[in-house]
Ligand code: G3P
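Let's start with one chain on its own, the form predicted alone, as structure tokens.
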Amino acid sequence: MIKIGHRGASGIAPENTRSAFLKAIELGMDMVELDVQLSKDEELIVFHDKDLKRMAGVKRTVNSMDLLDLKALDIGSSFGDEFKGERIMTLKEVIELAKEKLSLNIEIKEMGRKRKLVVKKVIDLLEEEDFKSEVIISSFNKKLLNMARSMDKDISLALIFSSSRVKALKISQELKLQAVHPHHSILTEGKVKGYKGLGLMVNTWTVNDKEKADELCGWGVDGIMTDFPKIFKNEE
């Protein structure tokens, strides 16, 4: 079973930061999930929210600021004084940190008219860094995944969803996906077997309760995303 740190080890360090990714490595995660979007000057940055208020206390959207200005922001102090000075990372920086230590689940955030650009930039960077085989690209957005598949027939792709109404099996077959990423609340043992029976990996999110993680593991899920890596500590 693949142990996946949600935005790094975001329960014990500021999400999507160097500290969160280093904690994930330290605590034995196999993979981390992270969020990617574009800055105003079209650099790939690792950040979840559309705006900077929650993490940095700044009333600006991420895509209204250049990378240099984003890098000047402290996104750690809101989590705790010991994380003061944490900075927004670029995707390239995270890849450099992860090499030979972690695989990545890259969730590409919806970018509207720049959707195609961000997908292309992510795939190009993975090629440049020779890291494509260590990555799953995931999204809630079917059109975004379709763009990724049209650009690269081999890249691993996953559909994220939190509603049973989503036609995940149909979409997976249409786009030749490698995985589905359903929220744990909509999973049953039967559904897990159904997805896996079609050759799909099943990675579920975001599970912070050990008993629930154990149940899901018993159902045969391939990966579990958590904010707290220590829920796996007694796995063996």
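All residue numbers are counted from 1 along the displayed sequence. As the structure is a prediction and not an experimental result, all values here were calculated from the model.
Keep in mind the form predicted together with this ligand is missing from the figure; the text below concerns it.
When this ligand is considered in the model of the complex, L104 lies well away from it, no heavy atom lying within 4.5 Å. Contact annotation for I160: at least one heavy atom lies within 4.5 Å of this ligand in the model of the complex. Heavy atoms of F140 reach within 4.5 Å of this ligand in the model of the complex, making it an interface residue. Contact annotation for H48: at least one heavy atom lies within 4.5 Å of this ligand in the model of the complex. Considering this ligand in the model of the complex, the lone stretch of 27-35, 58-66, 168-176, 188-196 in range is 27-35 [heavy atom distance within 4.5 Å].
Not one of K3, A213 and F232 comes within 4.5 Å of this ligand in the model of the complex, counting any heavy atom.
For the partner-free chain shown, just W205 of 182-217 comes within 4.5 angstroms of this ligand in the model of the complex, judged by any non-hydrogen atom.
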